[in-house]
Structure formats: structure tokens, C-alpha cells
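A single chain, nothing else alongside it, follows as C-alpha cells in the form predicted alone.
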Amino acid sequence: MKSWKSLSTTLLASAAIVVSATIVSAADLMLRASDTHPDGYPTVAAVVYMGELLEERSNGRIGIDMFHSAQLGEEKDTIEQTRLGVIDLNRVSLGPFNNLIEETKIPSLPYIFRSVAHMHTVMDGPIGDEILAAFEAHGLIGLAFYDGGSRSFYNSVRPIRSIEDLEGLKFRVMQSDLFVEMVNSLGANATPMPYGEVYSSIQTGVIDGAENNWPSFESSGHYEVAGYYTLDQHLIVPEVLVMSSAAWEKLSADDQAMVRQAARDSVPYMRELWEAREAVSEARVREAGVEIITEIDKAPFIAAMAPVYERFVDTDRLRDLVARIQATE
């Protein structure tokens, strides 16, 4: 029996090596991609789809190896790895870029977009291209924008029906000065921390809650420890797909164009998945018994953002970006 177990183990290990080798050699160039979200999440699925497009269009020469679920680190860490060329492709929210690339602050501003449709029009057009181009000075190539949904507050303490209900509550925010200022301006206390620490921090009382969209609230399990979700929709922040400049420069001009087009072609696919996922996530959260607060006067919330705009929209260029976004129909 012992020898049979040993033989079985050897055969399994050999099979794993063969499978691994097959995966690696499926394409001449496998681009390493990172995402903090779990397998099957719309942003993860979209990059996998992009890889399928690349394999088809390059006749198998180029593919994508997706590392989901923060396998390569949290967003702040993977940004640095991508700039250094350790990671080739990275899907990240714009928030963590706010302190590095000033143009990313504008789509991250609270209430800058009137609706998701308005955000699509802006980010799919020349303004979006201008913001993507700003990544090049920082060792990154901006490829495309994905949807991040509308972000709302959730917590474990009490329902939030007015700006006064936020007073004194501790909320996790992305590691961005803009997000910190936004929460503090509402009378709450902002606590920057990695996404992966939120669940245990709410559970143990280190923080009272966080803010995010329906799919993230549900897929992370945060609804299990935060029983109140207020649809204030203070942010409609796009996600961005970037590539390491080091990896980009190794590609021919034709392959660069192919990668850029495959990224853009993955956007409609991502948005279709996103809409479906939002509906499923909302249904699951409601079924779990989370109290959803929909009746809320946003006017005081919007008024409280004046100091945020004053602090972060601090150059003529950024003020022009804001004005152009607000003027976009």
C-alpha cells in the first residue's frame, strides 16, 4: 500500500508538471495579470476574455495568465510591481492612483458624474483618452476603463439616513488622500487600509464600516458583518486596466496595437457582466436581511464636498477637466 501511495503521488506530481508546462507554453508570451477580486468577478472575467482575444488574433503567440483574488498582492503593492515590470497587466481602481497621477483625481471626485451613463460617455471619449495618456509618465500604459459601479456606505452600527448619522463612525477607505478627505468632510472618520483587511476589521470593531458597490459588498462577504447599506451613491469611480511600460516596450508596434484593441474590446463584455452581477449581488444582500436605506437627501452630502473640490481641484488644468466633464451631455 505504501509503495502504491508513493507511485500515485509521483504520477500526480508528474501530471501537474505536464499540465503546468502545457499552460505556460500555450502562448509564446504569457502576460501576467493581477486583480484583487475573486475568480469570475466581472473585471477578472473581462481580462480573461481579453486574453482569449489576444490568443485568437495573435495565432496563439500572446496570452494572459490571470492571478485573481490578490494572489500577487493588494492594489497598492501591485501598482509598484507593475511599474517595475514584475506584473504585466493590472486592473486597479483609480483611487490608489490619486496620489501618483493627478488626472485620476477628477473621475474619483464625489458626485462628479450624474449617472453611470454619463460616466461612460466621458471615459469612452477624448477626456478618458487624455486621462489614460497621463499614466505613461509613471511607467504605465493606460489601456481601458472598466466599471466600478456606484459606491455607497455600509456599516455595522446603525442605518445612515442623513449626514448626521455619519458623525463619528469609522469607515475604511482606499489608500487615497481624496477618499480620506471625502469621508472626513462628511463628519465620519476615514481609515485607509487594504481591501483584504476590511472584513475582519469590521468584525472586530477596528472600523465600523466601509464604502463600495453591490458586487464588492456581496462577493467580499462584508454584508455578513455590516447589516446596514445606504444607497447614497457618492462615487461612480471607473476601474482602470494598465500595462507595465517595460512589458509594453518589448512588443512590436503591431502587437501594441493588438493589445490596446483587445483591452478596448473587453470593455463592453465587462459592462454586460457587471450589470448582471450587480442585480445578483443586490438580490443576495437583500435576501440575507441587510437593511437597505434608499430614502436619503443627497443635497447636504453634495454641499459637504466643497472642501474636497477646493483642495484637490487645485490647478487650471484640473478645473478645466471638471468643467468639461460637467458640460458633457
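One-based numbering along the sequence shown. Since this is a predicted model, take the numbers as computed values, not measurements.
Keep in mind that the form predicted in complex with beta-D-galactopyranuronic acid (GTR) is not shown, yet the notes after this line are about it.
This chain is displayed alone, yet in the predicted bound form one of S185, S216, T191, S201 has a heavy atom within 4.5 Å of beta-D-galactopyranuronic acid (GTR); that residue is S216. When beta-D-galactopyranuronic acid (GTR) is considered in the predicted bound form, only one residue from D165, E75, D88, E103 comes within 4.5 Å through any heavy atom, namely E75. Interface residue remark: H37 is counted as part of the site for beta-D-galactopyranuronic acid (GTR) in the predicted bound form, having a heavy atom within 4.5 Å. Under a 4.5 angstroms non-hydrogen atom cutoff, beta-D-galactopyranuronic acid (GTR) in the predicted bound form lacks N155 among its neighbouring residues. In the predicted bound form, beta-D-galactopyranuronic acid (GTR) lies within 4.5 Å of some heavy atom of E239. Contact between S108 and beta-D-galactopyranuronic acid (GTR) in the predicted bound form is not found at the 4.5 Å heavy atom cutoff. Just one listed stretch, out of 251-259, 117-125, 135-143, 207-215, contacts beta-D-galactopyranuronic acid (GTR) in the predicted bound form at the 4.5 Å heavy atom level, and that stretch is 207-215. Counting a residue when any of its non-hydrogen atoms is within 4.5 Å of beta-D-galactopyranuronic acid (GTR) in the predicted bound form, the hits in 172-199 run R172, M174, Y195.
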